[in-house]
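Just the one chain here, the form predicted on its own, laid out as structure tokens.
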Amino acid sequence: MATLVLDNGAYTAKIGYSQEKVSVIPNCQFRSKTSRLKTFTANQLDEIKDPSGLFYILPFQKGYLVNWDVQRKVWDHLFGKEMFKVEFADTSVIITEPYFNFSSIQESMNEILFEEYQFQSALRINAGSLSAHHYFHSKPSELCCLVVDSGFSFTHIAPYCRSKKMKDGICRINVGGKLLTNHLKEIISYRQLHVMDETHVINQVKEDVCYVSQQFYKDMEIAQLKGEENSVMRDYVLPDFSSIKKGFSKPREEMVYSGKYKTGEQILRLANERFAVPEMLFHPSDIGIQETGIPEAIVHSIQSLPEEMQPHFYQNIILTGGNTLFTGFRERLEAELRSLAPAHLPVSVQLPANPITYSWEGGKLLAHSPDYEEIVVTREDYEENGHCICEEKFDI
């Protein structure tokens, strides 16, 4: 019996059989400006000749799965002949969902997995639980860990003790990658070039040139200097999708400080935007979002737990999700936590080699664990007892 692991994120779906490697695929549909009528699904993104003005149709809104028509189309594509060729009657599925997911969404998910696709068995679980499973598997001596999952829609902080999640300590911050990209679009549109329709391109800009500043005010001063002294400034070459397929940051030595290029490429000049955008993860209140930053939320979460456990959590903080890939993110988080945490407790923040697929790898390990058969719900169970068996077995 094959096990399919699907970490169903709001931006990408991480999918693969438990014996094979993972694929990271956009979890949405696209329409392009040029071919208005045709809808592209998931990894058909590569077929679009001109991805400028790309229109995203997302199954998730504010982190919850609400648009089932789009999600079905993406899943049909993923499970179908072109991709994973799933034999449903002979396949078990591990699928992720957010913490405290609405029960109506959980019920729809059960119906689709068991009644439409007719999987042999299924396990619905939080992505953070898979990350914790992965962490405890790689460090068997540890009893506690704190999963910080900063993704597309929001950032979750979830403490785990002996593989059980501690519900009292779970925090959610409504700041994620989507907000960062949208904010970058707004400030670029306001300052130099109207890019409000160019989500795809600006997301690439964010990934290529943004970083987390270690000393925000010092970098702000550098960003205001003129010419070569401004070590923060970068010129980003925008793609035109004919000769330049993908945007890139101009190397320092090729930069023209006057900004007048002879080559006719379209240039975005970025200075303080590079670090002011990721700064929102640490200080959302800077742009008027009434949320705490990640470091304060971590301390708040740890302090809500029994005192004797707290030292273990400070030493085992694990970062997952795409936002943790910003250069300097781990160092800044560790430094801020060091200043907030009690002086006698050591603080350690760990960034895995691939934070995006970390929870998928945890699912892969779980699929091979000896008690896997006991935690899933089989189709017979579901047909006999309906949603209540899922409610009992799945700890969401």
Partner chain sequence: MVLEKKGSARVEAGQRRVLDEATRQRRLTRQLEALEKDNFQDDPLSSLPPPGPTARLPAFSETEEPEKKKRKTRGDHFKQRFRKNFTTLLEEENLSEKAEPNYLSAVAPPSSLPPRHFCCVCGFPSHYTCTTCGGRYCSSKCLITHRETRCLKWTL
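Positions refer to the first chain, counted from 1. Only a predicted model underlies this, so the values are computations on that prediction, with no experimental measurement involved.
This protein has a second form, the form predicted together with the partner chain, left out of what is shown; the following refers to that one.
J.: Please state whether all three residues Glu97, Asp240 and Glu334 have a non-hydrogen atom within 4.5 angstroms of the partner chain in the predicted bound form.
T.: Looking in the predicted bound form, the three residues Glu97, Asp240 and Glu334 all stay beyond 4.5 Å of the partner chain (heavy atoms).
J.: Which one, Gly288, Gly227, Pro251, Pro140, lies within 4.5 Å of the partner chain in the predicted bound form by heavy atoms?
T.: Among Gly288, Gly227, Pro251, Pro140, a heavy atom within 4.5 Å of the partner chain in the predicted bound form occurs only for Gly288.
J.: Heavy atom within 4.5 Å of the partner chain in the predicted bound form: which of Gln315, Gln214, Ser304, Thr292?
T.: Contact residue from the list: Thr292.
J.: Just one of 189-197, 129-137, 243-251, 88-96 has residues with a heavy atom within 4.5 Å of the partner chain in the predicted bound form, so point it out.
T.: Heavy-atom contact with the partner occurs in 189-197.
J.: Can you check whether Gln266 is within 4.5 Å of the partner chain in the predicted bound form, heavy atom basis?
T.: Contact check for Gln266: no, nothing within 4.5 Å of the partner chain in the predicted bound form.
J.: Should Ser32 be classed as touching the partner chain in the predicted bound form when contacts are defined as heavy atoms within 4.5 Å?
T.: Answer yes; at least one heavy atom of Ser32 falls within 4.5 Å of the partner chain in the predicted bound form.
J.: Within a 4.5 Å heavy atom cut-off, is Lys260 in contact with the partner chain in the predicted bound form?
T.: Flag for Lys260 set to no.
J.: Asp168: heavy atom within 4.5 Å of the partner chain in the predicted bound form?
T.: The answer is yes: Asp168 has a heavy atom within 4.5 Å of the partner chain.
J.: Check each residue of 246-285 against the partner chain in the predicted bound form and list those with a heavy atom within 4.5 Å, in sequence order.
T.: Contacts from 246-285: Asn272, Glu279, His283, Ser285.
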